[in-house]
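Just the one chain here, laid out as C-alpha coordinates, in the form predicted on its own.
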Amino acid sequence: MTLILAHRGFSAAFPENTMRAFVEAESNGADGLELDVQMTKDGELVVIHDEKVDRTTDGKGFVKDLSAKDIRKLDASMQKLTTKESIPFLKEVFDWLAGNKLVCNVELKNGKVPYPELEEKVIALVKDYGLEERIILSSFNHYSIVHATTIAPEIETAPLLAEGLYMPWVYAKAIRAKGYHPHYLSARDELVKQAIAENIKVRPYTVNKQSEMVRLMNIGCHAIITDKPDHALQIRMDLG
(Lines give C-alpha, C1' and ligand atoms only; values in the text may rest on other atoms or scores of the structure.)
Protein backbone atom coordinates (compact mmCIF):
# COMPACT_ATOMS: atom_id res chain seq x y z
CA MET A 1 0.00 0.00 0.00
CA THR A 2 1.31 3.43 -0.95
CA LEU A 3 1.47 5.73 2.07
CA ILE A 4 0.11 9.25 1.83
CA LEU A 5 2.35 11.94 3.32
CA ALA A 6 0.81 15.40 3.60
CA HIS A 7 3.20 17.98 2.13
CA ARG A 8 3.68 20.69 4.75
CA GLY A 9 0.49 19.25 6.23
CA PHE A 10 -2.84 19.55 4.42
CA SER A 11 -1.43 22.58 2.64
CA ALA A 12 -3.96 22.68 -0.20
CA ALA A 13 -6.62 23.84 2.24
CA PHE A 14 -4.81 25.14 5.34
CA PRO A 15 -1.77 27.31 6.06
CA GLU A 16 1.33 25.27 5.27
CA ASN A 17 3.57 23.96 8.04
CA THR A 18 1.15 24.89 10.83
CA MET A 19 -0.33 22.69 13.52
CA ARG A 20 -3.76 23.22 11.94
CA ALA A 21 -2.47 21.82 8.65
CA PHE A 22 -0.95 18.83 10.44
CA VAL A 23 -4.05 18.06 12.49
CA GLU A 24 -6.28 18.36 9.43
CA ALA A 25 -3.96 16.03 7.49
CA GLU A 26 -4.42 13.35 10.14
CA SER A 27 -8.18 13.95 10.26
CA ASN A 28 -8.38 13.47 6.49
CA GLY A 29 -6.62 10.12 6.57
CA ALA A 30 -2.96 10.92 5.85
CA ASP A 31 -0.48 8.28 6.96
CA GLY A 32 2.12 10.90 7.74
CA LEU A 33 3.51 14.38 7.24
CA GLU A 34 6.27 16.15 5.41
CA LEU A 35 7.57 19.29 7.10
CA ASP A 36 10.56 21.63 6.93
CA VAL A 37 12.93 22.60 9.72
CA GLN A 38 15.14 25.67 10.11
CA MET A 39 16.78 27.34 13.10
CA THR A 40 16.35 30.67 14.87
CA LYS A 41 19.31 32.85 15.75
CA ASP A 42 19.14 31.49 19.31
CA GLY A 43 19.25 27.89 18.12
CA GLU A 44 15.59 26.83 18.31
CA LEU A 45 14.17 24.41 15.73
CA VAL A 46 11.20 25.89 13.87
CA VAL A 47 8.93 24.43 11.19
CA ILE A 48 8.97 26.67 8.13
CA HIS A 49 9.84 26.11 4.47
CA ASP A 50 11.38 29.38 3.30
CA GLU A 51 14.61 30.87 4.62
CA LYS A 52 12.63 34.10 5.07
CA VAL A 53 9.30 34.50 6.89
CA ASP A 54 7.92 36.99 4.34
CA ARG A 55 5.81 34.64 2.18
CA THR A 56 4.06 32.62 4.87
CA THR A 57 3.67 35.09 7.74
CA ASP A 58 2.93 38.73 8.49
CA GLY A 59 6.59 39.32 9.31
CA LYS A 60 9.77 39.98 7.38
CA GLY A 61 13.35 38.77 7.52
CA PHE A 62 15.43 35.65 7.61
CA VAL A 63 14.62 32.92 10.11
CA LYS A 64 18.31 32.84 11.07
CA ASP A 65 18.13 36.50 12.13
CA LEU A 66 15.02 36.13 14.30
CA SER A 67 14.86 34.87 17.87
CA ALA A 68 12.42 32.25 19.08
CA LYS A 69 10.52 35.07 20.79
CA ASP A 70 10.30 36.96 17.48
CA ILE A 71 9.01 33.84 15.71
CA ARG A 72 6.28 33.28 18.28
CA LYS A 73 4.81 36.72 17.55
CA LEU A 74 4.23 36.01 13.85
CA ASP A 75 0.92 35.06 12.28
CA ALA A 76 1.21 32.21 9.76
CA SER A 77 -2.49 31.94 8.94
CA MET A 78 -1.84 33.40 5.45
CA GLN A 79 -5.39 34.80 5.59
CA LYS A 80 -6.78 31.29 5.03
CA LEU A 81 -8.18 31.31 8.54
CA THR A 82 -9.91 33.88 10.72
CA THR A 83 -7.76 32.92 13.70
CA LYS A 84 -4.02 33.32 14.15
CA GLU A 85 -1.76 30.36 13.42
CA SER A 86 1.72 30.34 14.87
CA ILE A 87 4.88 28.95 13.32
CA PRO A 88 5.31 25.66 15.20
CA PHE A 89 8.49 24.65 16.91
CA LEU A 90 9.62 21.11 16.10
CA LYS A 91 9.19 20.14 19.74
CA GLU A 92 5.51 21.12 19.56
CA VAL A 93 5.00 18.89 16.53
CA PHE A 94 6.75 15.99 18.25
CA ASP A 95 4.59 16.51 21.36
CA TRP A 96 1.58 16.00 19.09
CA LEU A 97 3.12 13.07 17.19
CA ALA A 98 3.63 11.28 20.49
CA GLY A 99 -0.16 10.94 20.67
CA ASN A 100 -0.66 9.35 17.24
CA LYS A 101 1.06 6.92 14.86
CA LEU A 102 1.89 9.18 11.91
CA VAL A 103 5.13 8.92 10.01
CA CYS A 104 7.01 12.22 9.73
CA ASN A 105 9.41 13.24 6.98
CA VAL A 106 11.58 16.04 8.37
CA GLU A 107 13.29 18.01 5.62
CA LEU A 108 16.49 19.66 6.81
CA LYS A 109 16.44 23.11 5.16
CA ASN A 110 20.16 23.81 5.24
CA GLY A 111 20.97 24.05 1.56
CA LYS A 112 21.10 27.85 1.47
CA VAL A 113 21.73 28.69 5.13
CA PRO A 114 24.34 26.51 6.88
CA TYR A 115 22.67 26.15 10.26
CA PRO A 116 25.33 24.87 12.69
CA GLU A 117 24.47 21.52 14.31
CA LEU A 118 21.02 21.36 12.73
CA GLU A 119 21.36 17.59 12.25
CA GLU A 120 22.55 17.05 15.83
CA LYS A 121 19.69 19.06 17.29
CA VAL A 122 16.98 17.40 15.20
CA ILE A 123 18.33 13.92 15.92
CA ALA A 124 18.59 14.62 19.65
CA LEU A 125 14.93 15.66 19.67
CA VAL A 126 13.91 12.58 17.69
CA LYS A 127 15.63 10.41 20.27
CA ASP A 128 14.15 12.34 23.20
CA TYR A 129 10.69 11.44 21.91
CA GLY A 130 11.57 7.87 20.89
CA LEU A 131 10.50 8.55 17.30
CA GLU A 132 13.44 6.86 15.57
CA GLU A 133 11.17 4.35 13.78
CA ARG A 134 8.74 7.01 12.54
CA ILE A 135 11.05 9.74 11.26
CA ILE A 136 12.64 10.09 7.82
CA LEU A 137 15.29 12.77 7.42
CA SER A 138 15.51 14.25 3.92
CA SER A 139 17.33 17.16 2.34
CA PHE A 140 18.51 18.60 -0.95
CA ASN A 141 21.81 19.03 0.91
CA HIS A 142 23.17 15.50 0.59
CA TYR A 143 26.18 16.29 2.75
CA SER A 144 23.65 16.87 5.52
CA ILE A 145 22.02 13.49 4.85
CA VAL A 146 25.36 11.70 5.06
CA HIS A 147 26.19 13.56 8.28
CA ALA A 148 22.84 12.59 9.80
CA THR A 149 23.39 8.94 8.90
CA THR A 150 26.83 9.04 10.50
CA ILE A 151 25.36 10.44 13.73
CA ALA A 152 22.29 8.19 13.85
CA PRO A 153 22.37 5.25 11.41
CA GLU A 154 19.16 3.93 12.97
CA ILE A 155 17.14 6.88 11.60
CA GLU A 156 16.13 6.55 7.96
CA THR A 157 17.47 9.12 5.51
CA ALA A 158 16.48 9.95 1.93
CA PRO A 159 18.08 12.44 -0.46
CA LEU A 160 15.76 14.83 -2.27
CA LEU A 161 16.26 15.01 -6.03
CA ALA A 162 14.92 17.89 -8.11
CA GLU A 163 16.01 16.29 -11.39
CA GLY A 164 16.57 12.83 -12.77
CA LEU A 165 19.56 10.78 -11.68
CA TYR A 166 21.14 7.77 -13.35
CA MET A 167 20.52 4.64 -11.25
CA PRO A 168 19.28 6.52 -8.16
CA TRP A 169 19.14 3.31 -6.14
CA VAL A 170 22.91 2.96 -6.51
CA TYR A 171 23.40 6.52 -5.30
CA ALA A 172 21.04 6.01 -2.35
CA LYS A 173 22.94 2.90 -1.27
CA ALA A 174 26.26 4.70 -1.70
CA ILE A 175 25.26 7.30 0.89
CA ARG A 176 23.60 4.66 3.11
CA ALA A 177 20.08 5.98 2.51
CA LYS A 178 17.15 3.57 2.49
CA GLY A 179 15.14 5.64 0.05
CA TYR A 180 15.07 8.69 -2.16
CA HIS A 181 12.53 11.43 -2.81
CA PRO A 182 12.40 12.51 -6.47
CA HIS A 183 10.26 15.21 -8.04
CA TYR A 184 7.31 13.29 -9.47
CA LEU A 185 8.28 14.21 -13.04
CA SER A 186 11.61 12.45 -12.50
CA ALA A 187 9.96 9.36 -11.01
CA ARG A 188 9.75 7.41 -14.27
CA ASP A 189 8.14 3.99 -14.08
CA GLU A 190 11.24 1.99 -14.93
CA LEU A 191 13.39 3.86 -12.38
CA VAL A 192 10.85 3.46 -9.61
CA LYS A 193 10.37 -0.24 -10.31
CA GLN A 194 14.10 -0.91 -10.37
CA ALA A 195 14.64 1.03 -7.14
CA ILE A 196 11.89 -0.98 -5.44
CA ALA A 197 13.48 -4.18 -6.72
CA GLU A 198 16.73 -3.00 -5.12
CA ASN A 199 14.90 -2.50 -1.78
CA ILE A 200 15.08 1.29 -1.98
CA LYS A 201 11.93 3.19 -0.98
CA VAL A 202 10.66 5.83 -3.42
CA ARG A 203 8.54 8.73 -2.18
CA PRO A 204 7.93 11.27 -5.00
CA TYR A 205 6.95 14.88 -4.30
CA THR A 206 4.73 17.02 -4.83
CA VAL A 207 2.09 14.76 -6.36
CA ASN A 208 -1.19 16.66 -6.78
CA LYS A 209 -2.48 15.47 -10.16
CA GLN A 210 -4.93 12.57 -10.08
CA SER A 211 -3.29 10.84 -13.04
CA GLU A 212 0.12 10.97 -11.34
CA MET A 213 -1.29 9.68 -8.07
CA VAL A 214 -2.81 6.71 -9.91
CA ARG A 215 0.40 6.02 -11.84
CA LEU A 216 2.68 6.15 -8.82
CA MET A 217 0.39 4.07 -6.65
CA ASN A 218 0.03 1.46 -9.41
CA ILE A 219 3.79 1.00 -9.76
CA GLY A 220 4.20 0.51 -6.03
CA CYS A 221 5.79 3.68 -4.68
CA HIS A 222 6.31 3.38 -0.94
CA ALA A 223 4.68 6.79 -0.48
CA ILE A 224 3.64 9.95 -2.27
CA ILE A 225 4.06 13.43 -0.84
CA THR A 226 1.04 15.57 -1.67
CA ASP A 227 -0.70 18.84 -0.81
CA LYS A 228 -4.01 16.99 -1.19
CA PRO A 229 -4.09 14.03 1.20
CA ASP A 230 -7.87 13.81 0.97
CA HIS A 231 -7.77 13.31 -2.80
CA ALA A 232 -4.93 10.81 -2.52
CA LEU A 233 -6.81 8.78 0.08
CA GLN A 234 -9.89 8.60 -2.14
CA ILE A 235 -7.80 7.46 -5.10
CA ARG A 236 -6.08 4.81 -2.99
CA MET A 237 -9.46 3.54 -1.84
CA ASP A 238 -10.77 3.47 -5.42
CA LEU A 239 -7.75 1.49 -6.58
CA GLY A 240 -8.40 -1.02 -3.84
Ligand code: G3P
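Residue positions are given as counts along the sequence shown, with the first one as 1. Here the structure is a predicted model, which means the values were calculated and not measured.
As for the form predicted together with the ligand, it is not shown, yet the points below apply to it.
Undergrad: Heavy atoms, 4.5 Å, the ligand in the predicted bound form: which of 187-195, 33-41, 66-74, 169-177 makes the cut? Say which one.
TA: Partner-contacting stretch among the options: 33-41.
Undergrad: Although the partner isn't part of this model, could you tell me whether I224 comes within 4.5 Å of the ligand in the predicted bound form, counting any heavy atom of the residue?
TA: No, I224 stays farther than 4.5 Å from the ligand in the predicted bound form.
Undergrad: In the predicted bound form, is there a heavy atom of the ligand that lies within 4.5 Å of any heavy atom of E107, even though the partner is absent here?
TA: Yes, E107 sits close enough to the ligand in the predicted bound form that at least one of its heavy atoms falls within 4.5 Å.
Undergrad: Within a 4.5 Å heavy atom cut-off, is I135 in contact with the ligand in the predicted bound form?
TA: Because no heavy atom of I135 falls inside 4.5 Å of the ligand in the predicted bound form, the answer is no.
Undergrad: I'd like to know if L160 sits close to the ligand in the predicted bound form, meaning any non-hydrogen atom pair within 4.5 angstroms.
TA: It does: once the ligand is placed as it appears in the predicted bound form, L160 has a heavy atom within 4.5 Å of it.
Undergrad: Looking at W96, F140, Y129, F89, which has any heavy atom no more than 4.5 Å from the ligand in the predicted bound form?
TA: Among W96, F140, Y129, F89, a heavy atom within 4.5 Å of the ligand in the predicted bound form occurs only for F140.
Undergrad: Any chance all of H7, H49 and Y205 sit within 4.5 Å of the ligand in the predicted bound form, going by non-hydrogen atoms?
TA: Each of the three qualifies.
Undergrad: So which bits of 170-193 sit within 4.5 Å of the ligand in the predicted bound form, heavy atoms only?
TA: Nothing in the stretch sits within 4.5 Å of the partner.
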